Every structure is written in structure tokens, then in C-alpha cells.
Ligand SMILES: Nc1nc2c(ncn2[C@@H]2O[C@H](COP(=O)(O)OP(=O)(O)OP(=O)(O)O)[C@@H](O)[C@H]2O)c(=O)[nH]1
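In the block that follows, a single chain appears as C-alpha cells, in the form predicted on its own.
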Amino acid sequence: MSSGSSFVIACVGKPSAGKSSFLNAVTEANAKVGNFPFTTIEPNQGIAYYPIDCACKRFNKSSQCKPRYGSCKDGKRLIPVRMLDVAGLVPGASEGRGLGNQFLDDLRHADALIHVVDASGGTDENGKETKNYDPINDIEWLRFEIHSWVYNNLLKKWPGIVRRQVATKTSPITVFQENMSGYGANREIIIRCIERMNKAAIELDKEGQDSEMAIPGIIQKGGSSNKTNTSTSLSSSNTVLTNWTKKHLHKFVSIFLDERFPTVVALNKIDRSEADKNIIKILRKYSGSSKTDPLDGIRQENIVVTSALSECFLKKLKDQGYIKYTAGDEDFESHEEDPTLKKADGRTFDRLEEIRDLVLFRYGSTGVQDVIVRAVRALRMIPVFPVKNVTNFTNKSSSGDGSGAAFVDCVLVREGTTVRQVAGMVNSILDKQYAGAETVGGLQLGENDVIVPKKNDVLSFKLNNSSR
């Protein structure tokens, strides 16, 4: 059974922005923390937790809910999510500067990105201490580096790609799926890219041909007297790519990055006084960022203010018995509110009050859990609860007295996933011996039925030549 998710969320950004601290805040990983470039040489991995409303509460089974992985308390379930801390990027990494393409290659393993940004402006583009640095630069250049990495690789291969497509009459979907697979692209992602590119091509065609944007080695077809042949739309399965220019490639890569690497920006170090003006500036710039064509790949709803070090401090004091606190809470309880807790010394007490004033009361939380929530939602994930028995929700085939552990398993799947696809995700035996599925009330489901939350998200699978 899956541990909860089959996807990976990567923390990226420049050195000393707080990436390792963020990973420590959301996981139990022990990433090395330091205030100098290349602190994290190899990617650090860990497990974060995505909070959901568990099905156990819906069916009054909270007392029996025993997750195989993660936890569940009073219907609030925490699902494990794999995290990756990618070594710090610097401007020019796509050209080999710093540790070069090693950073970018690590991103191939990621499904979504969390870009940790030093909102205080206290570190420059190389991660060295400074004053009054504009963190908007970091958002822009990170996107530029990833874009350059993909675009330059694609541009080098483009003449050969076009020649082969013309000779074999391969569909654009197949062409791009073959050539973007190295970045983890699947057919679904390419189809979404092409749908968006068709709309963008209409505007690019209106601008007309630009000889300076022509791609060397490509003989363009058509002319001013033949409007049909100069179209760059991919709406037809036999459309050739000879009329694409560098502008088209740039646009396609931009769309591809939006779809392949949805990004959440964590504006970190919000407890520092210099952060306020930068946060306002950043929110103002991206306030109108479109969902369909986001500026720098950033959607407004995916910008979150955070204080990773505050979360780390609160977690530590909770573990030591000084406070009661749950990630995402707007406040904590200390000895002053609950005498059963340990009493903090003066220095620790002052630090707690500082976090209350500068972070919790001002922003409502440390923000780190909200970042995880936004990243998972950006991937359009929904929870599914595989059980053996849809009457008592246990993993026992017979009804029994219903006293067994309920809702042991939960997996996150993408919106649009079908019942049969879920079976394959749960384990290979279900996929090979699949004979049907049912949901609550004994309702039989078709293998192509799409999973809908609270409708058919509790599943029991039937097997050929076996019982489940």
C-alpha cells in the first residue's frame, strides 16, 4: 500500500533563503542549516504531512480510525507527502555557474516546487548577507534559470525534431511527449500544454513572422499569400512545426513549466522588520497574476508568508513539554495558560512572545503548513480511502462486529483519476486481478468512473480468483 502520495514536492531557491529551515519545519528531516552558499550539497529528503478532513468523521468512525501511515485525530488526518530539499540555485546555474545543472537535474524528480524566498531582503542573489536586496529578483531569476535550462535544450534539438516530424508525420502530442519526457512530462501534461499553446498561437500569428526570431536550420512554409500554411496552431493531429519561431518555443516552454512544475512561493523570514515592505511589493506585483497565464509562473493564491525558524522553535518547545501547539495554529498555550506545562525561562519566554507578536497575531500562523496545503492543491490532489468492507470501513472482508481499525489506508490521486487507475495505484495485484469496485451503500462502480470527493472516494475492490 502506498505511503500516502506518489508525488514529490521540492524546496528550491537560492542559498540561505531558509530552504533547509523550511524543510526542518515541515518534516523530521535533519537538513544541515547554515548561512553560506551550497549548505546543502546533496538533496535532503523528508516526509511532510498534508491535513485533510478524514472520511472517518463523515461516517462516525473517528474512534476507530487507525491510519497505516500518518495520523488522525478527531477526523483531522495527516497524510504523508514526500519532500525534497534541492541544493541552492544561483543566477547562471543553467550555464554551469555554481553547482550548475546538478540543481536543475534534481528538479526532474519533483512534481511541484516550493520556492523559499528571503522576504527580508537580507541576502543577495548568491545567498550572501546584504541590505535592501529586492526579493522579487529571486522569483524572476529562478523562473529564468529553469526556463533557460528547458528552452536551450529544446532549441538545440529543434531542427532535428522538425525534420523527423515532417518525415514521419508524427502528431504534435507524440513529438512533445517524446522530447519532454526527460523532464518528467506525461501525455496528460503535454495535452494541457498544447491546448493552451493553441490559444497562444493565435496571438503570436497576429504579430506576424519575425526573421530575427527564426530558428536556424528550419525552412518555413507558406507566405503572406497563404495564411493557412503559416498557422502555428497545433489543433490538427497532423500539424507540422516548421512555422514555429523562437517566440513559439519560448511560449511553449513557459506553458510547459506552468503545467509541469506548479510553484508555491514561501515568503520567508517575515519576523524581520525589513520584510513588511517587500511583502507588500511582491503581493502588489502578482495581485493580478492570471490563473491561465501566471506571471513568472506564480499564481496570486500560491504566495504564502512564512517564518520557518519560528515553526522550528515552536515544534522544539512542544516536544520538550513547554507549550501545546499544532502546526497551522494561530496561537499556542504555555505555562501561563496551562500550569501542567513546563515553565520557560526568561529568554525563552521572551522569544515565544516575540513569535506571538511578530508572526502569529500578525499573520495568523507561521505559514509553513499552509505552503504544503497550497502545493498539494496546485497538483489538484484529492484523497481516496481504499477499504475491504464498505459497511464498517475496515480491512476485514466479512462484516463482523465492526470493531476493527477503520480507514487504515488513504492515497492522494489527481482530480480526474478513474476507479481502475486507483486500483493500480494501491498495488499491482489489484491492477492485474481487477474484477470490479463498489462504494458506500454497495453501489457498483464502473472502472472508468471518475473519483468524486464524498461521492465515491471510499472504495472496495473485487479481484478475479480471489477475495478482497
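Quick note: we count residues from 1 along the sequence shown, nothing fancier. All figures in this text were calculated on a predicted structure; none of them were measured in a lab.
Unshown form predicted together with the ligand; subsequent notes refer to it.
Asker: Might Arg260 be said to contact the ligand in the predicted bound form, defining contact as any heavy atom within 4.5 Å?
Answerer: Looking in the predicted bound form, residue contacts with the ligand do not include Arg260, since no heavy atom lies within 4.5 Å.
Asker: Closest heavy atom of Ser16 to the ligand in the predicted bound form, within 4.5 Å or not?
Answerer: Close contact exists here: in the predicted bound form, Ser16 approaches the ligand to within 4.5 Å, heavy atoms only.
Asker: Whether Leu360 contacts the ligand in the predicted bound form should be assessed with a 4.5 Å heavy atom distance threshold; does it?
Answerer: Looking in the predicted bound form, residue contacts with the ligand do not include Leu360, since no heavy atom lies within 4.5 Å.
Asker: Answer for Val265 alone: is it within 4.5 Å of the ligand in the predicted bound form, judged on heavy atom distances?
Answerer: No, no contact at 4.5 Å.
Asker: Select from the listed residues Glu140, Asp271, Asp370, Asp205 the one whose heavy atoms reach within 4.5 Å of the ligand in the predicted bound form.
Answerer: Result of the distance check: Asp271.
Asker: Go through 277-285, 131-139, 307-315, 242-250 and give me the stretch that gets within 4.5 Å of the ligand in the predicted bound form, heavy atoms only.
Answerer: Flagged stretch: 307-315.
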